[in-house]
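Quick heads-up: the structure tokens below are two forms of one chain, split into structure 1 and structure 2.
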Structure 1
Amino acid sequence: MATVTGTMMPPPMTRVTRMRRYLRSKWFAYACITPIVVATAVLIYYPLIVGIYYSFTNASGTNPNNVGIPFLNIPSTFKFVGLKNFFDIFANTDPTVDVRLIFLQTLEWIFFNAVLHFSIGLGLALLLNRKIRFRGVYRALLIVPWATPQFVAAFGWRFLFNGDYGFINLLLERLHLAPIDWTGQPSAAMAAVIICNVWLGIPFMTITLLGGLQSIPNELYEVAELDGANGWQRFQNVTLPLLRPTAVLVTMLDVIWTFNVFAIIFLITGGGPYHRSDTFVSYAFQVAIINQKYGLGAAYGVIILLILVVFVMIYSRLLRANEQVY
């Protein structure tokens, strides 16, 4: 007991002991950070550089620009081609695909998903933030899509979208509406993949926004009520500004995750018809792995990186603007 009280009162520190402690803690900090720095350098940044290198080559899995197979003693025959891949992409020279459309579809994909996730999520969060019966039940049901693995969701929706025996078209038929050509019509195909991803993303938005709402102190509402603010004014002047940090954060995460989505597009429409539901991510896979054009595929990877850099810049602006709220 005596030792405990003894240590509770720190001995007067000299400059030397403080310095030693400082150095010791700094050593510890570097030790903590080393594994992750090494891991990201070797497994993210090094491959990134390799990817950029490949984007300047015409490497492919087929002749005449073969990457070579060391295992079979087949030498590589691919060449450095400078900016040719990027030129081909930006000049839109490939007769089989319209790159401009893929770019637009990527934006469309992110925009609709982000907007629908956020608006539906916020709506549900506001409803669930009230004192209502069965709140727990609703919340539990709401979690279901979140707990569903992405690929299972994709298979499930592909099943529902089937032209002949899919539930959605059967239902439309029952209602004497024209069935929708989910895989043949570009807009319907895009809608199909967006619907699936919106379905998957609603719970995350709802639950995090609900958390954001719940962390707004009740006193603020009470004060606003005393000031005579009505429901809408309270929403506008208390809820929205205080929810904004949460909203900006979850929207950013949502955009990143949405941008990354591959399985849904690949498994539901395969990017079709004629690449009209492809995004850069799903199309890059098609180019790099199915068509085995590693150089061109890597160039798409670099373009994806550029898009992300632009996004990070916009986002950091937003963050800065956000901080001014406080």
Structure 2
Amino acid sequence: MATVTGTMMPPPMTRVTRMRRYLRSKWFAYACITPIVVATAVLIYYPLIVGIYYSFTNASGTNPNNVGIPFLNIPSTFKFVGLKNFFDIFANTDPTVDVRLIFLQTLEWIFFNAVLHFSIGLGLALLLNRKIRFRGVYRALLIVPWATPQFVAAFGWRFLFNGDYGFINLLLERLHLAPIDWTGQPSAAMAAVIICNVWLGIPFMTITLLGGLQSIPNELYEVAELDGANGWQRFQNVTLPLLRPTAVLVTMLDVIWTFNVFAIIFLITGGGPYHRSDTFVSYAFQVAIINQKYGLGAAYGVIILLILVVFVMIYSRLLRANEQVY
């Protein structure tokens, strides 16, 4: 056997030996993550796989045993229908609602929330970035909407939007303006849920943009001021270019979160009147749970999943581009 300076070389380890040694050194880490992996598989991946399977069936609530329970030997009574549910959605065959209108309302919901979140959040961030008295108190108060659970905020705003004794309509009457039926008029219902979601989302946008503003060196503003740039020119040529990477990322993340919002719409308007405040997410819930059309509702869920995958891919691409810049 070959030797080096008179010392015997140890025999090479086999793959099995290396694996045993690796597991012996890492067993505690694997023991810690095993419960998380099992819980994730049971609570997330299994329902996801079952939901995708149901999207290709005619499962509904017309039979108590319709969906079946395999491990209890309860048979299923639904049939595999292929892509029929998806064809029905894209062909707009539901006589009770126009799916194209739901899609347009989803775009409206995302657009107004994203624009208002960013514009108001940027304005507050610029204000809180200045040296003003009680700035710490203002920042602390700004976190309150963000820390409020969605269902609590929804119930609070629903009380404010009440047509008879809500604060907003009482204020309109004091101003000699006509009260608004916030949950009974289509345009008012969509405005109501947007107002509530904007109130909830502004703190996150403000705090994130404020962090981006504070990362901009003050020397750049001083140089621009020495060059004769006024306030707007400094904002346009210094603040916006350096804040753009953070702004793009946080806006994309806000779009993903806004698209997924369900509790606000369901608890304030229930998607009404006549589905005029519904989005894809809230309408999918109504189809699957309220109307008990599990297969069709699962098809909506798959479409929502694919849309979110596209959003996440765009967000990941922007995140990698942002990391390369810095």
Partner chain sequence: MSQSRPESATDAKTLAKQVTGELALPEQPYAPKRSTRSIVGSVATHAVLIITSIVLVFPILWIVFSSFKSNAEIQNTTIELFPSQPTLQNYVNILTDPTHQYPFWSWAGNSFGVAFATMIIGVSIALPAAYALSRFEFLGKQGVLLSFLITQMFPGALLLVPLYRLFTDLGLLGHPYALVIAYATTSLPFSVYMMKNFFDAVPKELDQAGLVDGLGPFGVFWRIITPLTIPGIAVVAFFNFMNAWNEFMLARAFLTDNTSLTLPVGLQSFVFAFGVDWGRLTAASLLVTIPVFILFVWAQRYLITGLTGGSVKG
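Throughout, rigid core stands for the largest set of C-alpha atoms superposing within 1.5 Å between the two forms. When a residue number appears, read it as a position in the sequence of structure 1, where counting begins at 1. Predicted, not measured: the structure shown is a model, and the values here were computed from it.
Here the chain taken from the form predicted on its own appears as structure 2, while structure 1 comes from elsewhere. Within the set Ile52, Val144, Phe266, Ala91, Ala91 is the hinge position, where C-alpha fit passes from one rigid part to the other between the two structures. Superposing C-alpha atoms between the two structures reveals a rigid-body rotation of the smaller part against the larger of 16 degrees. Structural comparison between the two structures after rigid-core fitting shows the C-alpha of Ile307 displaced 2.6 Å.
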